[in-house]
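Presented as structure tokens, the chain that follows is alone, the form predicted on its own.
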């Protein structure tokens, strides 16, 4: 059996009566880009800081390449951390910021110089080495913060929401650069974010956290297609997940799920599903098939609001107090849509019990 690069074994952290992390178990493979995704206050940054040695564990242990980290001081862990606010020394040049960690570990001057210049070239900041942080843009400062981590050649990168202070366009560029760098360097990376787009685009695997507990672990596409519970489905939905009360109905060997916006045929329902009388039904806006009928006699919802988003448009429709949000291609939208009909076939449907636990996921027939 291959030893994971990073392992969390029953990790717990509390502040008084508040449990920030509760019996957390997690393994990260060597060279893996692993993302911790969750809302503010779920414990993800606390976990990162305990790994770095900036906070202590109350319970359990963290292992890096088989070595327990609790007895090891922060400076002895061979871990590099990239902070949300960059944490650059304002009185130092870019070169001095990047060289600082190497000099603290008594690296030879020539070795330090070569490593700094090599890393700066890798990040495209070679021309900025004599500048100070206040002379740099946000994207450039983030590259320097990344360079300061990379230059040390650590066993593990920790990244605490490093893109949150950048504007959208720069964030997308730096996100791509981080992924390309990690693939090239193959250094194990633990990355914290509350942004589901970052998690989906960056992660080899990810863990969704809520209230100090792991809700689900897996490849981003697997978690997206088959969320373990309603919380995960909601958190990975942007725009917001549509959730309706529903009923599972069986007749003559077939099954369907009836909701206020339509009935969805359920092909080959698993026997484990049983016959619950009441369900929670989740449909993501981008996974609902719709049409825009002209004839008012057809069953429909009334269009209340249209939100253009470039190539996609959000359409919010309502009938008898039930509201649904769908995402459609801009070129498929009529000039002035007044009615919307949910097309029952081809929708991705997620079923949950009343407690929010996933029961099944299917494409309606």
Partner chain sequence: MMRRFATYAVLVAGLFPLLLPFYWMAVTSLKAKRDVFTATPQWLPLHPAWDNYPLAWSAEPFGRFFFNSIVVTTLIVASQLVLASLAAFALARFEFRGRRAIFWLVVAALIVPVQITFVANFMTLARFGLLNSYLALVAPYAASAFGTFLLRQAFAAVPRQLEDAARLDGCSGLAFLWHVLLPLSRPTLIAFALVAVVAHWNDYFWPLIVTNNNAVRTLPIGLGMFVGQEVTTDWNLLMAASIFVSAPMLLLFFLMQRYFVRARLHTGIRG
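Residue numbers count along the first chain shown, from 1. Computed from a predicted structure; not experimentally measured.
Below: the form predicted in complex with the partner chain, not depicted.
- Site residues 138, 144 and 184 are none of them in contact with the partner chain in the predicted complex, judged by any heavy atom within 4.5 Å.
- Of the candidate stretches 67-75, 240-248, 174-182, 195-203, only 67-75 contains residues with a heavy atom within 4.5 Å of the partner chain in the predicted complex.
- This chain is displayed alone, yet in the predicted complex one of 292, 224, 86, 231 has a heavy atom within 4.5 Å of the partner chain; that residue is 86.
- Residue in contact with the partner chain in the predicted complex (any heavy atom within 4.5 Å), chosen from 108, 118, 134, 219: 134.
- Mapping the unseen interface onto this chain, residue 81 counts among the residues with a heavy atom inside 4.5 Å of the partner chain in the predicted complex.
- In the predicted complex, no heavy atom of residue 170 sits within 4.5 Å of the partner chain.
- Although the partner is absent from this view, residue 52 contacts the partner chain in the predicted complex, with a non-hydrogen atom inside 4.5 angstroms.
- The partner chain is not drawn, but in the predicted complex it has a heavy atom within 4.5 Å of residue 152.
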